[in-house]
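This document starts with one chain, in the form predicted on its own, laid out as structure tokens.
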Amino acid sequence: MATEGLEFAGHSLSRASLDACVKCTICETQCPVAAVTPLFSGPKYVGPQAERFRNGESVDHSLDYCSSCGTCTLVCPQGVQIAELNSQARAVMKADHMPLRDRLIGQTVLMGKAMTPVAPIARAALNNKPIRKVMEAVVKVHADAPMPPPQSQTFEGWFRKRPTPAGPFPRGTVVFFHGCAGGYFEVETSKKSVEVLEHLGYQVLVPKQGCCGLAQQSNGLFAGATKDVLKLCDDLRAAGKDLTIVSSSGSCTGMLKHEAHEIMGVDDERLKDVGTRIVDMMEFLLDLHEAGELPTNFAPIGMKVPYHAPCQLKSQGIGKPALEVLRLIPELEVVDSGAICCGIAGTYGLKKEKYDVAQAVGKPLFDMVKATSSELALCDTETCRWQIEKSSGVKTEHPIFLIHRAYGLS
């Protein structure tokens, strides 16, 4: 499996797109990392330009400073898959010297299972400066980097023990995918998503489910990521055929829709099936609204809140559905951050050597959030929320929190 993944990374069809590069440097001007550090040569140089010289060996090790935010691919007028090329090249470059840290931080389910039974202790430890300094010295995770918030109850535990809704379910049935963070660390986001779906008249099925492999993929661990994403596809498919799969984990949704196939080369009917049926929670609500099927009897919320659309959401090409849905709530003023990236990029901003870069990338966003509201900010993906909250000091939640509140469910 590892050999197959790296073979794809070295000879993928993404390479065919590099000859379309006309060296216009638009990707260079929009790259959030190249804008704040000389340690990264820029997406054009480590991407299509360096790819022409790669023959099994890396020619520019600054490639490791690419955050894989995907901005370069999005802005390229020629359709060059720059971010995908960079991710594949990094996997090949790191294959024979993968840091232990990069292996550990990809084990999200293991972390969740280990911390849940001792959540108060785990929280205290992760907020303890001396302990974090030891972690930084030993594991190379920066002492000030945001950490996942351990919870005493998993989403699965809540869903299993709660009273089962009796129905009827006039809208039919959907499957809910919560992702690792939504299962262990962002439990309230998952709970509120399910409660909104049920309020709208859906029966919600939550099959037992594992990791999508995104954290491993972003660190170049294609073998483990491929195994995890296909097992997850089996899990989700077990809930029933042809059912829409709704998720409030924007980054994991992107892995199933795009990254597993385009970056790792996973060509499997199970992934194709799940990838075409899964939809982001806010996109799902917007689709209902555009079809005239979303109740808009929202209670007013007199607030001004900043909203940041994360990179993983942008890469799915769905626009900013949260902005459109939130603006249906009376008296709620939602301000688009306009920022390219928060800097965290999954696990990128956790790493000791990249922490300062990540903070510099996110600074315009943090400043905007603080200037807009001291009470609440909104963002669709988990690690981005942790980054924004830690660096701005403003509580940051998924947009579903305000939808839940406006429906009178909170």
Partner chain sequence: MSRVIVIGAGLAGLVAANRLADGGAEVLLLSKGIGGLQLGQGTVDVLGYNPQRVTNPIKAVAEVAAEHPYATIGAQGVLTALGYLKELVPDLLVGDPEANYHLPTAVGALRPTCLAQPSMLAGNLKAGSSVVVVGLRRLKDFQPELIAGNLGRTELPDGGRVAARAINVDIAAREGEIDSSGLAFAHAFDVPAFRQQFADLLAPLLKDGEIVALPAVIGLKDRQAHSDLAAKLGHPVFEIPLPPPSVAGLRLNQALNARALAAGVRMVSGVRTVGFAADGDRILNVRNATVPAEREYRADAFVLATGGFEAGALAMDSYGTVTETLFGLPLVGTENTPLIHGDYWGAEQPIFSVGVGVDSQMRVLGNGKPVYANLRAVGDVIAGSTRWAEKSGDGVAAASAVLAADSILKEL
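Residue numbers count along the first chain shown, from 1. The structure presented is a predicted model; accordingly, all values stated were derived computationally and were not measured.
Form predicted in complex with its partner chain: not shown, discussed below.
S.K.: Which listed residue (Q49, Q30, S62, S373) meets the criterion of a heavy atom within 4.5 Å of its partner chain in the predicted complex?
M.R.: Contact residue from the list: Q30.
S.K.: Please identify the residue among G167, G172, G317, P130 with any heavy atom within 4.5 Å of its partner chain in the predicted complex.
M.R.: Answer to the contact question: G317.
S.K.: According to a 4.5 angstroms non-hydrogen atom cut-off, is I26 in contact with its partner chain in the predicted complex?
M.R.: Yes.
S.K.: Considering non-hydrogen atoms and a 4.5 Å limit, does its partner chain approach E290 in the predicted complex?
M.R.: The answer is yes: E290 has a heavy atom within 4.5 Å of its partner chain.
S.K.: Since only the chain is shown here, I'm wondering whether V305 would be in contact with its partner chain in the predicted complex (any heavy atom pair within 4.5 Å).
M.R.: Flag for V305 set to no.
S.K.: Are any of the heavy atoms in P146 no more than 4.5 Å from a heavy atom of its partner chain in the predicted complex?
M.R.: Although its partner chain is absent here, P146 would stay clear of it in the predicted complex, with no heavy atoms inside 4.5 Å.
S.K.: Whether T108, P163 and L365 jointly form a contact site for its partner chain in the predicted complex is the question; each needs a heavy atom within 4.5 Å.
M.R.: No: no residue has a heavy atom within 4.5 Å of the partner.
S.K.: Name the stretch: of 222-230, 73-81, 96-104, 206-214, exactly one has residues whose heavy atoms fall within 4.5 Å of its partner chain in the predicted complex.
M.R.: So the stretch in question is 73-81.
S.K.: Quick one: which residues from 268-290 get a non-hydrogen atom within 4.5 Å of its partner chain in the predicted complex?
M.R.: The stretch touches the partner through G275, T276, E283, L286, D287, E290.
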